[in-house]
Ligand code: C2E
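First, one chain by itself in structure tokens, the form predicted alone.
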């Protein structure tokens, strides 16, 4: 009997110990869970107050800003936070963001907890058990006052789902309680729990590795490998579906300028925002990917016609080019979009991507910020472009360019006063590639500054062999000015050639002055101080040439050849415009040269209106340097016959020899 009583007492004591252990565990669990829940909710509420800059306006009933709406949309993706509310300073609700909607409330309701937080100026935080299907089993809510200048302007409430956290707490402490009751169970349970944790971590790592293998790290979009897989699958299914695909190749225009202006954080912000906007504008069945630094792909599935693709492309550009705010500054991106249709433009992933890339290249050659569809002739254009690029690079490395020189005459005396150096690029077959073809390509591949420096050196070297009264004119490109070293290049070319500065004329176009005009003007003033002449070329073809004539003392104005092309045509007032420009130049003490003179009638007209200089096929075509001597000798002979042109005969003879 005593033994049974002892056993009974031991059993009762053991049961009391177990009950006490579990009671202590439950109390500890509830205490820690409440602390964790209230701390988490308070932190999330404060996070909103720090990141939503227009809380006061929202609390006053206004709609959130675009940046705030983006924040709330991103907050929807946070798994544990399922609801935000914003109250005014009187405790009435004004705005709600939850899994169902993000918008101002339809009917403002009074909340006692929010009002009490306003009254005390302190956060009110508590944990609750959810009732009904709309609430989690266990959640925390925090009401945090937003105080500005010691006045509460709004209340931010955050609701955090703590169900998983509570379950984790209970699970952990139950294991701990069991280990206190049974050492054997603890000895087995602890390694088992550690194995479980390691397994979970390994699974998470494996999932992350699999995700990164097929997705872009920065934006979370599909990467090139996953895009190619999805595209190949979609192309395979086309015959069965009886519809088509459209591949939209999207490139951000001048993305480097965004990085230079706003830093790499700004560039990353732009890329992530573009990714979010792509998600918003595409359908669930479409595929979006980032395949390069600033290159995105949108695969539009199940389309019936080209019009559908065109409408979608315009919808894309409208959404992606909306301004976005970064650190208080506006970023206004522009896009170039190349579109290829399947199966018409390609029935494999590689061919369709290449077709869209070719269409995108056409966007860039057309000035960017546009949409272009693939056309079959683009393949041939690409091959021609590649061949021109190869020829240009070879010419840069091996001095493969040539300079031809077109004479310039004084109209009144018909005497030769100089030449304009014109660059030529020989092709493999010996023909000359027109400058209008290779110059834009050289600018695209950023070799135009090197080519321009070579032209300066070669033109000065050649001009140094001419009689000292003859000048040489050289065209300068905007790229040479952007480098900021034009004056140094010019000075070096003059020194190497031994050419007097006043014999060099530097021609610029109005497009150079439309950008950073103050910087350009400063460089032009430096050139003027060196003694070289500065000429505005192609005058009359731009929009604001006159605004620069009084800001900078150009030595000469060259009237564009288009006026001579229109000379004598009915319905054109080319003659009147030319006379006006000549009179304007005379009033501004600037010489005027007229380009494109090809007939005797044009020459007679320009003589009558007192033009200064002329240039064109009527007076002489561009010729290689080796033929310049013949033009100079012919002019010398004419001048000698008239006895009005005292040239240095010895210099002429040296040149001919």
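Not measured: the values here are computed from a predicted model. Positions refer to the first chain, counted from 1.
Beyond what is shown, the protein has a form predicted in complex with this ligand; the following relates to that form.
K.L.:
Contact with this ligand in the predicted complex for residue 462, defined as at least one heavy atom pair within 4.5 Å: yes or no?
P.N.:
Contact check for residue 462: no, nothing within 4.5 Å of this ligand in the predicted complex.
K.L.:
Please determine whether residue 420 contacts this ligand in the predicted complex, using a 4.5 Å cut-off between heavy atoms.
P.N.:
Result yes; residue 420 sits at the interface with this ligand in the predicted complex.
K.L.:
Using the partner position in the predicted complex, report whether residue 424 sits within 4.5 Å of this ligand, counting heavy atoms only.
P.N.:
It does: once this ligand is placed as it appears in the predicted complex, residue 424 has a heavy atom within 4.5 Å of it.
K.L.:
For residue 47, is any heavy atom within 4.5 Å of this ligand in the predicted complex, or not?
P.N.:
No, residue 47 is distant from the partner.
K.L.:
Give a yes or no on whether every one of 435, 480 and 598 sits within 4.5 angstroms of this ligand in the predicted complex by heavy atom.
P.N.:
Yes, the whole candidate spot contacts this ligand.
K.L.:
Of the listed stretches (386-394, 577-585, 436-444, 346-354), which one has a non-hydrogen atom within 4.5 Å of this ligand in the predicted complex?
P.N.:
Contact criterion met by 436-444 only.
K.L.:
Of 161, 537, 294, 216, which one comes within 4.5 Å of this ligand in the predicted complex, counting heavy atoms only?
P.N.:
After the contact test, the surviving option is 537.
K.L.:
Note which of 301, 475, 165, 111 lies within 4.5 Å of this ligand in the predicted complex, where distance is taken over heavy atoms; exactly one does.
P.N.:
Flagged contact: 475.
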